[in-house]
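This document starts with one chain, in the form predicted on its own, laid out as structure tokens.
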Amino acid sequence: MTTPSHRLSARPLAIYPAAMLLVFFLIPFGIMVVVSFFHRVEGAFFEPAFEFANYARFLSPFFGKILATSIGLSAAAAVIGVVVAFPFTYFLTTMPRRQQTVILVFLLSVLSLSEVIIGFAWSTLLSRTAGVSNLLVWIGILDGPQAYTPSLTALLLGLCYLGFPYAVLVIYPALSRLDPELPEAARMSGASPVAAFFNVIIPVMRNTIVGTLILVFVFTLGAYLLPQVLGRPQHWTLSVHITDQAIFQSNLPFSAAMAVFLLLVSLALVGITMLLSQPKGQRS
């Protein structure tokens, strides 16, 4: 039983994270919501008001195209990343513990790379002068070097590379706790390793897979530099257009409205992920 003295001593510890949440999230978010209702004045930036014109632009073809591009790119990157990461993580859990540690440390080191480094590294790798096409020319597959960036394929590769380590690190704990007798029982029943993988392991890990898809989707949805470095203007995501509207178009109210929309979508998806991660008996 928790004594009154313990409850009193725990209160200061609870105040600190609550204060950090208030200062670094709730107050900035509140300011952003207020600005999203302001009125834009041509040549004067904006003025205080309370109008829904900025949110009404969500129904315009301009915003619809941006939203479709952002959702399509993030969804494709999430699906490709998880499809590659799941079997990779499964075979990782079958390795000796020392090898698992080495690979996990390598993945953690990849996470330390900023989006700037990743973007320009892929831009160089897919360039005409110093890219992978020069190796293909040397092998004899191509007649001459080619540039593969900027393009939609290059952008998808960059987003998949960005989300792949996160997918592995989310899937790894669940797969490492998987009962090894399940695939063994499937194989003893006559199922091949491939059939056991698709008919036993994947159904058992369904919630983890869905949660990983959502988390990678949310993470890549906020990509800002990769669409500019690896893609073309028609591939720019919502995050890029938020900055463009705020800085270059001097339309801070509309950019604030788009930022509120992006944040609410991300919070909703994270909430769905947390709900899926709970045991069935604890879901309300």
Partner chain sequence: MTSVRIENLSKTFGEVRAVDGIDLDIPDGKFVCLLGPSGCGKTTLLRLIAGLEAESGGRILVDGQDQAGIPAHKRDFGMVFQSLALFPHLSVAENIAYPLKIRGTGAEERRKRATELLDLVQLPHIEDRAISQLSGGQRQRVAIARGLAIDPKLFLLDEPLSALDAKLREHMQIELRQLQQKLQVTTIVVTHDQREAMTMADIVIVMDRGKVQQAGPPIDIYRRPANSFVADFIGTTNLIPCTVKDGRSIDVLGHEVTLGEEDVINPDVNGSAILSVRPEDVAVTERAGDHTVPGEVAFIRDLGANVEISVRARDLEIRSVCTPKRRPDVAVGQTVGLEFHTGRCTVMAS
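Residue numbers count along the first chain shown, from 1. All values reported here derive from a predicted model rather than from experimental measurement.
Missing here is the form predicted together with the partner chain; even so, the following discussion is about that form.
Checklist entry - Considering the partner chain in the model of the complex, which of V204, L175, I80, L107 comes within 4.5 Å of it through any heavy atom? => result That would be V204.
Next on the checklist: So the partner chain isn't shown here. In the model of the complex, which residue out of A186, L213, I118, L152 has a non-hydrogen atom within 4.5 Å of it?
Outcome noted: Among A186, L213, I118, L152, a heavy atom within 4.5 Å of the partner chain in the model of the complex occurs only for A186.
Next on the checklist: Is V200 near the partner chain? Define near as a heavy atom within 4.5 Å, in the model of the complex.
Outcome noted: Yes, V200 sits close enough to the partner chain in the model of the complex that at least one of its heavy atoms falls within 4.5 Å.
Checklist entry - At the 4.5 Å heavy atom threshold, is Q146 in contact with the partner chain in the model of the complex? => result Flag for Q146 set to no.
Item to check | L182 within 4.5 Å of the partner chain in the model of the complex, heavy atoms | outcome: Yes, L182 sits close enough to the partner chain in the model of the complex that at least one of its heavy atoms falls within 4.5 Å.
Next on the checklist: So in the model of the complex, is the partner chain close enough to Q100 to count as touching (4.5 Å, heavy atoms)?
Outcome noted: The answer is no: Q100 has no heavy atom within 4.5 Å of the partner chain.
Item to check | Option from 90 to 98, 134 to 142, 67 to 75, 187 to 195 whose residues, in the model of the complex, bring a heavy atom within 4.5 Å of the partner chain | outcome: After filtering at 4.5 Å, what remains is 187 to 195.
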